[in-house]
Each structure stands twice: as C-alpha cells, then as structure tokens.
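Just one chain follows, in the form predicted alone, and it is written as structure tokens.
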Amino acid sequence: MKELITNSPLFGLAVTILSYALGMRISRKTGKAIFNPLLIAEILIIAVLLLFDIPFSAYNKGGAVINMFLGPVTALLSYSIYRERKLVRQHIISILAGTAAGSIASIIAILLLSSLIGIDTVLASSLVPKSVTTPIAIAISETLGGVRSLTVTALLLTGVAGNILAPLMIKIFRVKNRVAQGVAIGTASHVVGTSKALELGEDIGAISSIALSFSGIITAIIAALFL
C-alpha cells in the first residue's frame, strides 16, 4: 500500500477525483455558494495528507497528471468566445479598457499592501500575478523571482474567492451590465471565476474568458517592462 502511495500517480488522481466528486455532491445538496466544490476538495486533500502523514511530493505525482490538462481546458474557453463573437466584437474596446484597468489595479494593490505590511520582495513577486490564469502566472512569478508554490496558493485562493463572491459582489454593487460583469470576473479571478461566470450566462462567460486572456497578456507586459 505504501509503495502504491509513494511511487504511483494513482493515489493522487484518486484522492483528487473523489474529493472533488464529494465537493460537488455537498455543493448540490446545500445549494450554498460557500460550499464551493473546489474549496471542499482542497480542504479534503489537505486533511488526508496531514492525517496520514503523506508527503506532498507523493500526492503530486497524480496531481501533475491532472495539471497536464490545465492548458487544454483553458483553451476550450475559446469555444464560448466563438459562440458570442458578435457580442465580443461589439464591446472589444470596453473589454480591453476594463481588463487593463483591473490588471493594473490588482498589481498596484499588491505592491502597496506589500509595502505597507512589510512583505519582502520574493513574497510580493509571488503574489503579483494572483489574478492571472495559472500557466502565465507561474511564468511571471518565476521571471520576477517569486516562489512557484506561493503563486499557486494565491491563485487558488483568488479563484475560489471570485467563484464564491462574484454573484454577491454583483448584487452589492448593482452591476447590471453583463459585459461589465464578465470583465470583472475574468480579470479578477481567472479560470475558476470564469466557471462561475459561465453559470451566470454564456455571454458573461464569453466576456470573462476573453478578459482573463487579456489580463494575462497585460500583466505579463507590465511585469516585463516595469517590474
């Protein structure tokens, strides 16, 4: 059994799939946004690793297999953009302007808070791309001298927060414009937030998909030129 856990990717795959399936079941049963399937899965996986004293490296052999599909799954979001291409074409300037403003605001907020709290440069560099889709965020973090694991943690927290809070924020701030909703979700909380945007409507999901793409490009340019 120990051999299977430490040397085979099957353990990591099984724990991940079962945890997410349980998270989906709990989410559907409760109907509450706080019971996010991804958040539940993360908590369950961490609990299993701690309870049975299993090293992360052993789990990640299976996690790395799942990670291989991250790029292709992100690329699939282009289908929703294609279906709503007329809407995207009609509002492309607004989408670009909103995404640029959101990306710049996110970076400035991180740098200002890091300075105020006294966070060191390495940690700040790890947090700068927190709102960008994972492959681009990791590349930006490594270029800036950040720590990959910290960046991934920040990405997960940002994405789950966006997924859970997006509908509530839309209500609180009374954002009626569906293009604005999509831009805000995609720019602030990348692919995980975009999955919630798709639930709110295919048009919002399409705008969110293109916003997260622009956000990655804009953040990468700012990191390369100014940071």
Partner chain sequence: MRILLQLSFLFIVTLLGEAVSYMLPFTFPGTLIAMFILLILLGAGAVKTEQLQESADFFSKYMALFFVPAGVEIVENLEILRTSWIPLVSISIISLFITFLAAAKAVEFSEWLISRRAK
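Residue numbers count along the first chain shown, from 1. Here the rigid core means the biggest group of C-alpha atoms that line up within 1.5 Å when the two forms are laid on top of each other. Because the structure is a prediction, the values reported are computed rather than measured.
Quick note: we don't show the form predicted in complex with the partner chain, though the next part is all about it.
Using a 4.5 angstroms threshold between heavy atoms, Phe11 stays clear of the partner chain in the predicted complex. Interface residue remark: Leu51 is not counted as part of the site for the partner chain in the predicted complex, having no heavy atom within 4.5 Å. Ile185 belongs to the set of residues with a heavy atom inside 4.5 Å of the partner chain in the predicted complex. Residue contact with the partner chain in the predicted complex: Ala33 places no heavy atom within 4.5 Å of it. Residues from 104-131 that approach the partner chain in the predicted complex with a non-hydrogen atom closer than or equal to 4.5 Å are Ala105, Ser106, Ala109, Ile110, Leu113, Ser114, Ile117, Ile119, Leu123, Leu127, Lys130, Ser131, in the order they occur in the chain.
A movement of the C-alpha atom of Ile217 falling short of 2 angstroms is seen between the shown form and the other one when the two forms are aligned on their rigid core. Once the cores line up, the CA of Ser78 ends up 2 angstroms or more apart between the shown form and the other one. A change of 3 Å or more separates the two forms for Ile34 and Leu156: their C-alpha atoms lie closer together in the predicted complex. Pairwise change in the predicted complex: Ser125 and Leu77 C-alpha atoms lie closer than in the shown form, at least 3 Å.
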